[in-house]
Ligand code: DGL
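Single chain ahead, written as structure tokens, the form predicted alone.
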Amino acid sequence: MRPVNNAAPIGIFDSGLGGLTVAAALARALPHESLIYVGDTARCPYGPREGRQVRGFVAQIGTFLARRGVKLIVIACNTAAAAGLSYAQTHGEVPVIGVIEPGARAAVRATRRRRVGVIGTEGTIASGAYGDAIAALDAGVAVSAVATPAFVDLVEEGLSHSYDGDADKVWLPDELYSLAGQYLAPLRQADIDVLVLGCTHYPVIARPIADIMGGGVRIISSAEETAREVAGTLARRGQLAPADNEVRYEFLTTGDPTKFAHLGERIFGAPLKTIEHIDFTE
């Protein structure tokens, strides 16, 4: 085990832009920590891909971040966490945290009727990862899970339209509302009182989702809970950055850096100043 430099950055990766919701939560919760974020936009979305292929991406990007000297890695992609968290934790050089278990804990704490809904990509829902994580915490909680694969593309489309125009907020395609109504109908029928956004892209469209589900359903995003887990893990290990740490935020993408910077700042909440293009081979 290599010695840990407490000033070393936290590594974060996602299939694209969605994981910036987690990066933003980390920046708020841990203002003295440096971050390195990898958005694999060239291979986004991960959801329709086979689990074995996604595990390969997890291993590839995890190795890359470890070589960049990070002290902890956050898999800020539900599909990647479902497919590759266990592999990354057992084969990687640094500690790895996913977003599924923190989201599951938040859902179990929030539910009053013990009926939880989960939406996510095909890969996340097919894995049953949220159901397993929630059952491990409270086997009496009923979980209704629905794959909502088109949401990722609609979020990306909405961000792109907002970038092309001068809108201060994300433009939402008209078909989002009708499609969301169809996707969410089974969850409304299941009488859930908590809905987990099982994809880090989905907080961008949390408001229309909440409108469709109604005021009696609490919407859970795992970003804040994941940030708390990272903070707790680093504190227990004695690896929190010193208060005088020279904080740096680095952003890397397999896609177009200019587009990534303009779209990503809408999610991160601040300009993405240091952008690097990287290229992973299949």
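In this text, residue numbers run from 1 along the sequence as written. Everything numeric in this text was worked out from a predicted model, so none of it was measured.
This protein has a second form, the form predicted in complex with this ligand, left out of what is shown; the following refers to that one.
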**Report entry** Candidate stretches 194 to 202, 84 to 92, 105 to 113, 175 to 183, one within 4.5 Å of this ligand in the predicted bound form by heavy atom
**Finding:** 194 to 202
Requested in this report: Mark Gly47 yes when one of its heavy atoms lies within 4.5 Å of a heavy atom of this ligand in the predicted bound form, and no otherwise.
Outcome: yes
Query raised in the report: Is Val152 close enough to this ligand in the predicted bound form to count, meaning some heavy atom within 4.5 Å?
Result: yes
Requested in this report: Could you run down 115 to 130 and flag each residue that has a heavy atom within 4.5 Å of this ligand in the predicted bound form?
Outcome: Thr121, Thr124
